[in-house]
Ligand SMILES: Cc1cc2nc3c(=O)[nH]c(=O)nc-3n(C[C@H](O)[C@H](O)[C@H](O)COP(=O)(O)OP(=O)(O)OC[C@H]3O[C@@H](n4cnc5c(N)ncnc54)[C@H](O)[C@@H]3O)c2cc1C
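One chain comes next, on its own, written out as structure tokens in the form predicted alone.
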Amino acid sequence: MEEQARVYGATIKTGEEVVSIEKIDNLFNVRTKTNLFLGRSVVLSTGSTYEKLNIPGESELLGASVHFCATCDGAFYRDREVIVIGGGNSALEEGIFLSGFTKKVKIVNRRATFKASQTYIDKLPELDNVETHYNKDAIALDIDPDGKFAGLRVKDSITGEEEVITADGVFIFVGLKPNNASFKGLVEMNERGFITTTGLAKTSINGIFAAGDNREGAIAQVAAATGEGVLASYGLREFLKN
């Protein structure tokens, strides 16, 4: 994709952190820590970051036994046991996916019920290798003397009792955080900080567009984000023509 963009005349600058965007004399002034870029339109496509649990052991095991994408890393756990943390659509969808080739999937939910769509909830009883744990707050990821994952330590939110749920790996699905801090106050966002758009990826500011995982309603898949980039380019073209 990068090579194709360069062929068509795109200039790509890396290592530039945007600190402000303002419109002056019909030009958007995009300031980074080291440079100023001018343009008649802007597309915000900064993506999002997986929310972490921020509990002991998590940072040490990231990428080893702690993952955020079942389709990316699930294959490492064929015929093994995994823990899925979360209770929304992503957690159940990925948990169901993992059940197709793992020995057992243990879904840990901090609430008494799942907040996922009923379709996913109804599917769980049909899967013999999926077990659910409700009202369990994840408080630590235990590490054995060899530095390997030993189990998820949880606390029952009702009884206060602690226990360790064992498995070979952990998949965390507790939400996404949009990388929109630099645009706060610039364009309209929802209560979670995702940019709201209409039509051809238009934001609340004429001439500024948004595409990808930092946009409200994004599917959070590469193919979808690429398509949104195309959508934004058509909105951009219409804006420049007018």
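Residue numbers here begin at 1 and follow the sequence given. Since the structure is predicted, the reported quantities are computational estimates derived from the model, not experimental observations.
In what follows, reference is made to the form predicted together with the ligand, a form of this protein that is not presented.
**Student:** Of the listed stretches (193-201, 53-61, 210-218, 35-43), which one has a non-hydrogen atom within 4.5 Å of the ligand in the predicted complex?
**Tutor:** Of the options, only 210-218 has residues within 4.5 Å of the partner.
**Student:** Only one of V164, I158, C72, A112 has a non-hydrogen atom within 4.5 angstroms of the ligand in the predicted complex; which is it?
**Tutor:** Checking each option against the ligand in the predicted complex, the one that comes within 4.5 Å is C72.
**Student:** So in the predicted complex, does E22 come within 4.5 Å of the ligand, heavy atom to heavy atom?
**Tutor:** E22: no contact with the ligand in the predicted complex.
**Student:** Does the ligand get within 4.5 angstroms of any non-hydrogen atom of G175 in the predicted complex?
**Tutor:** No, no contact at 4.5 Å.
**Student:** Can L231 be called a contact residue for the ligand in the predicted complex at 4.5 Å between heavy atoms?
**Tutor:** No, L231 is distant from the partner.
**Student:** How about V222: is it within 4.5 Å of the ligand in the predicted complex, going by heavy atoms?
**Tutor:** It does: once the ligand is placed as it appears in the predicted complex, V222 has a heavy atom within 4.5 Å of it.
**Student:** Let me know which residues along 1-34 have a heavy atom within 4.5 Å of the ligand in the predicted complex, or say none if there are none.
**Tutor:** The stretch touches the partner through E16, E17, V18.
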